[in-house]
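Below sits a lone chain in structure tokens, taken as the form predicted alone.
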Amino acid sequence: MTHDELERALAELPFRLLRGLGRAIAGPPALRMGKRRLIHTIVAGAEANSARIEATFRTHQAEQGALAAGPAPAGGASSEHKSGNPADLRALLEGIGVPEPRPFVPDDWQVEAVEALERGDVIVSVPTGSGKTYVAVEATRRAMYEDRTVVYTSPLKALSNTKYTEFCKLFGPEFVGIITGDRRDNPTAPILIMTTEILRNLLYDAAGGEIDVRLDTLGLVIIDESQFLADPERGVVWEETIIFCPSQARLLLLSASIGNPHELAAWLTCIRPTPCHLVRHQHRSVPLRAAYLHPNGKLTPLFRTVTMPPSPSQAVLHPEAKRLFTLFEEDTVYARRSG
């Protein structure tokens, strides 16, 4: 194999294999190299590392064979694997747009979560876009019907402002208030939107004998993005908020990325007066698609298939995406050298 043929063959390898081969030949400095420089480094050391290079090509061939023989991802992508033809941009964008209007029917898990709040606390751990907000809104309606105060917390002031606007439209501005570090509107409203730190501080004050914002009538606390419990810096705020939450209030924890929801539910059951019910599923209502947008405006699918690969090991980049990656790398490397 000539140097030119080897360069073309190396250019077809996934970058992770190319980088691993480069590191085996040139050591740790290869981790900072771009694709073109890696290829040149490998070609320069090809004579002394022919066995490593051949082994890498065999690994790539084995991965391609396993991918072609393996089960096809959901979403009609099986023909792409069988024929080897990559998805085109039209297939990637197909179906994107405003869906036809139809009556809303809650999913079974949404009904389950709302009904479970009548018996105790609830953790909802479902993918993004599944409909967690419906559970929060319906639970809020029921708490208001019983003349109970509702607190909705989020980790960010921006998200709190967004939820405040949303809840004002749903329930009316006279029934919704917001308390953040730089905003305090309608603090005696039956529905209060705030950051988790603000609620923690209010609960501290209540523990010290100072009652504020109708905490004595608190009936529901909704903790959005509850995976922040695991945050090394801010997680203690979520933990203390849960511990100090009044016993008469129901807790509703919402998240799309809790890694150990069963353990969290067991902990809540231990420290709270009522059992905690876990509602969990992994079905994504809105399938994910990945694309790459080059600075020149060119848009292409990121992977050979329209749907996301089932696992990182099965991810195969789209040929056009690989070409655009190389083009971008060449442009940026040239710009750095010119500068």
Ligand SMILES: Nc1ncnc2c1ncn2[C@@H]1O[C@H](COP(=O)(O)OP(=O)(O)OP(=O)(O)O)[C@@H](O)[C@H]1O
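It should be emphasised that the depicted structure is a prediction, and the values quoted were computed from it without experimental measurement. Quick note: we count residues from 1 along the sequence shown, nothing fancier.
Note that the form predicted together with the named molecule isn't included here; everything after this is about it.
For the marked spot (R142, F175 and T188), a heavy atom within 4.5 Å of the named molecule in the predicted complex is absent from each of the three residues. D107 belongs to the set of residues with a heavy atom inside 4.5 Å of the named molecule in the predicted complex. When contacts are judged by a 4.5 Å heavy atom cut-off, G131 counts as touching the named molecule in the predicted complex. For G235, no non-hydrogen atom is located within 4.5 Å of the named molecule in the predicted complex, even though that partner is not displayed. In the predicted complex, the named molecule sits beyond 4.5 Å of every heavy atom of E197.
Heavy atoms within 4.5 Å of the named molecule in the predicted complex map, among the stretches 197-205, 142-150, 85-93, 120-128, onto 120-128 alone.
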